[in-house]
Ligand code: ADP
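Only one chain is included here, represented as structure tokens and corresponding to the form predicted alone.
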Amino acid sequence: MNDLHPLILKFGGTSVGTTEAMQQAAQAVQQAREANPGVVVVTSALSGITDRLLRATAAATEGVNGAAAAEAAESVYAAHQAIAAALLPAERREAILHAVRSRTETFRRLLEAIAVLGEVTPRAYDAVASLGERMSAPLLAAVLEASGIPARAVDAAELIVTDAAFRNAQPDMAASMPRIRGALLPLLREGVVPVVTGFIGATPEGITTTLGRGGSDYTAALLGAALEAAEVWIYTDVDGVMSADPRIVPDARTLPRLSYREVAELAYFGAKVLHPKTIRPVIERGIPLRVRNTFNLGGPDTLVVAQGEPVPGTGKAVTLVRGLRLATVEGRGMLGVPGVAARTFSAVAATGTSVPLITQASSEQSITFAVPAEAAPKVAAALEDTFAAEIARGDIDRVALTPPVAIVTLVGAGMSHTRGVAGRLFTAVGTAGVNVIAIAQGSSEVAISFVVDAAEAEAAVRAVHGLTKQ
């Protein structure tokens, strides 16, 4: 059994992306160690670095000369050099910058190889994408050391075993757990803070993989589960999870407590919070998560636990998903015909398109669903091909696409047990002059979603957010 129950601290890119951010991260680690002497840090790449690496990689498929590859590598090096120059003593700085230079040289060589091939294989993609974390972890560990905190950089490729599904690899927890515990527990017992690269794993053969969207959060959750952590703290640049996007709703507020289910709904419907897949390891073990602001360490935060605090009748938060269109399959000949929905969504799935919302008339004469706007034309074409015979016979009248729309979702546990929620919701939206195009509410008590014209989306969010304060 584990005799330690450490805190896992994960820092996103904005939390380590500048000199000020690195200083704040070091202060956050120091404060955490005062609460719990066992601290494990997981770090993302510096803000913007992974995007920069991948943009250069995409450009390399079109051909890149040596000078262009060197310029891309130098820009990545310069970002790390600026932080090292400001925060590290000269003797420590030289060693760290040597390690960073080695990674940027690897990057330059990869660009040149990709340019020769004219394509990026999934394995090469992950090799490039992993470099940002492999540069930030040693740098952050050195900054912690310079702040008087014993620390050591640890490559997650040595800890997390995955399959070979490059770009979105799935961890093997049974194989990973002994590696995680064997590498990190001795460091914790020595009072050392391990600084682990987020986002990265490796196949059993040692080939680098990446964990996909929210990968660094996923790393933190995996470590938390393996080490039986007291809590997992996710550091961002906002005060926890907000009741709405503060750029749309200036008086949005921090939600002090949410359930895992509520966070999953918020993430699914567009809020920039924890991705459901990434927090599954801690959900399964009942480990609390806390979302904190690196730049406001004494400010409010959000605790995420198994059971949230029901707020009768009003919901807690409002989210917005933009960039969508509605697709509709309709026709009188659909009435009572089995298999129409199955064929519809099989056709959509064949295009590789995700469907965030579905609604169907009780008469069974139409099925409407949302798809990303950029995928809408190919989805419509696939549906017309699938139902070509029915369209020719007149059983299906048409496959139609709307202009751009958005999904607005009210999230909060307990809404389905409170009378009048939907009435108050749509009264508020109507009073704001917003037309509701489609509505979807499942058996879940956590969320009500509706679709509005893209131009009316922000007005709808503000109208619904007003209900959460009642």
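Since the model is a prediction, treat every value here as computed from it, not as a measurement. Only the largest set of C-alpha atoms that superpose within 1.5 Å between the two forms is called the rigid core. Numbering starts at 1 and runs along the sequence shown.
Keep in mind the form predicted together with the ligand is missing from the figure; the text below concerns it.
Not one of 9, 38 and 288 places a heavy atom within 4.5 Å of the ligand in the predicted complex. The closest non-hydrogen atom of residue 123 lies beyond 4.5 Å of the ligand in the predicted complex. In the predicted complex, the ligand stays beyond 4.5 Å of every heavy atom belonging to residue 397. Taking the partner from the other structure, the ligand in the predicted complex has a heavy atom within 4.5 Å of a heavy atom of residue 272. In the predicted complex, the ligand sits within 4.5 Å of a heavy atom of residue 240. The chain is drawn here without the ligand; in the predicted complex, the stretch among 245 to 253, 147 to 155, 389 to 397, 222 to 230 whose residues come within 4.5 Å of it by any heavy atom is 245 to 253. Note on the partner interface in the predicted complex: the residue among 344, 104, 236, 162 having a heavy atom within 4.5 angstroms of the ligand is 236. The two forms, fitted on the rigid core, differ between the shown form and the other one by 2 Å or more at the CA of residue 245. For residue 461, a C-alpha deviation of 2 angstroms or more is recorded between the shown form and the other one after rigid-core alignment.
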